[in-house]
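To begin, one chain is listed below as structure tokens, in the form predicted on its own.
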Amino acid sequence: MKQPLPEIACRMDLHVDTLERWIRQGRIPIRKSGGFGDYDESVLAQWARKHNLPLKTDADAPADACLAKEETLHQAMSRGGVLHGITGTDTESVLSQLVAAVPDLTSPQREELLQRLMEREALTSTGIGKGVAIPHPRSPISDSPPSPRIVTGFTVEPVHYRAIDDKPVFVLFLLLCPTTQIHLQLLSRLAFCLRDSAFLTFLQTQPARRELLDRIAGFDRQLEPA
């Protein structure tokens, strides 16, 4: 099946820039041909179900659904803030400090978030390698804040985190998003940054909030459409 990329984005509640980036990254079973996407409807539907994304019919997809501006890392990280000096030698103690730093959560929400994070870690570690972890709940928490936030945390000493490369973690990005779609968009942007070896070296300096946000703003600009 062939369909214009904006129409596919509308059907999946995605920004068209996110869809194009996922196609470039090979993350979604769609082939790009000019301004069109070529895909097998059943294969795409199966992929969407697996990733908790909709695949609406053309009639159900509003014409402007793909035109909403994509959330940026700078916006989400600004809301979440940067936490230096995280102590502890295990996953739970580190995550407890990160959860305590998330703005605008009630005590019950913090308890739920920590529980959900630990459940996610029990399935498989969110330590992605090279000293980086991206903890997140598998689905949005109850009454999640309407705007996404990312809390960036730096540990005093690297922490054993059962990461995929078995290296201890020194920086964590806690993602808290109101929807699965926004989570995947921000995760895609963050993955783009973390593929940059110079950025990883920069993170090892445990930069101040302003320095980090300035660097992230530069990556966001790279991801804007030409």
Partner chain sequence: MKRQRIWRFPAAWSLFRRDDRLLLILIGVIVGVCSGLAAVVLNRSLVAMLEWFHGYRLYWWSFLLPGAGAALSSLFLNNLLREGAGHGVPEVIYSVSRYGGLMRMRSSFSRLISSCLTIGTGGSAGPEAPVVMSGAAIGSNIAKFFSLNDRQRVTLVGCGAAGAISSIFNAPIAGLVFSIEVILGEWTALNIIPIAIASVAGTEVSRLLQGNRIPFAHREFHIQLPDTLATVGLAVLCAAASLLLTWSLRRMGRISRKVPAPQWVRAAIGGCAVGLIGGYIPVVLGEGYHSIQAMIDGAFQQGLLLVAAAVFAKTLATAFTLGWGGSGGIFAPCLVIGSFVGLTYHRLLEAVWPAMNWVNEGCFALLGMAGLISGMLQAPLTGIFLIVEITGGYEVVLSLIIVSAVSTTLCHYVESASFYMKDLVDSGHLLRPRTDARVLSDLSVRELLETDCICVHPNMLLRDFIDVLQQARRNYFPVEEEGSNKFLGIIHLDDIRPYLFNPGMYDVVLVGQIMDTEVETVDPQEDLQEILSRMDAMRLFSMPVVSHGVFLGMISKATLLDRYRKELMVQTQHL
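Residue numbers count along the first chain shown, from 1. What we label the rigid core is the largest C-alpha set whose atoms superpose within 1.5 Å from one form to the other. Source: prediction; values computed, not measured.
The following text describes the form predicted together with the partner chain, which does not appear among the structures shown.
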### Query
Is there any non-hydrogen atom of residue 24 lying within 4.5 Å of the partner chain in the predicted complex?
yes
### Message
I'd like to know whether residue 198 contacts the partner chain in the predicted complex, with contact meaning heavy atoms within 4.5 angstroms.
### Response
no
### Message
My question is simply whether residue 168 lines the interface with the partner chain in the predicted complex - judged by any non-hydrogen atom within 4.5 Å.
### Response
no
### Message
Does any part of residue 57 reach within 4.5 Å of the partner chain in the predicted complex? Heavy atoms only, please.
### Response
no
### Query
Looking at the partner chain in the predicted complex, is some heavy atom of each of 74, 175 and 214 within 4.5 Å of it?
no
### Task
Among 148 to 156, 120 to 128, 107 to 115, 91 to 99, mark the stretch whose residues have heavy atoms within 4.5 Å of the partner chain in the predicted complex.
120 to 128
#### Entry: Interface residues of 160 to 178 toward the partner chain, as seen in the predicted complex [heavy atoms, 4.5 Å]
none
### Task
Using a rigid core alignment, state whether the CA of residue 27 is displaced by 2 Å or more between the shown form and the other one.
yes
#### Entry: Did residue 9 shift 2 Å or more between the shown form and the other one, C-alpha, core superposed
yes
### Message
Aligning on the core only, does the CA of residue 51 end up 2 angstroms or more away between the shown form and the other one?
### Response
yes
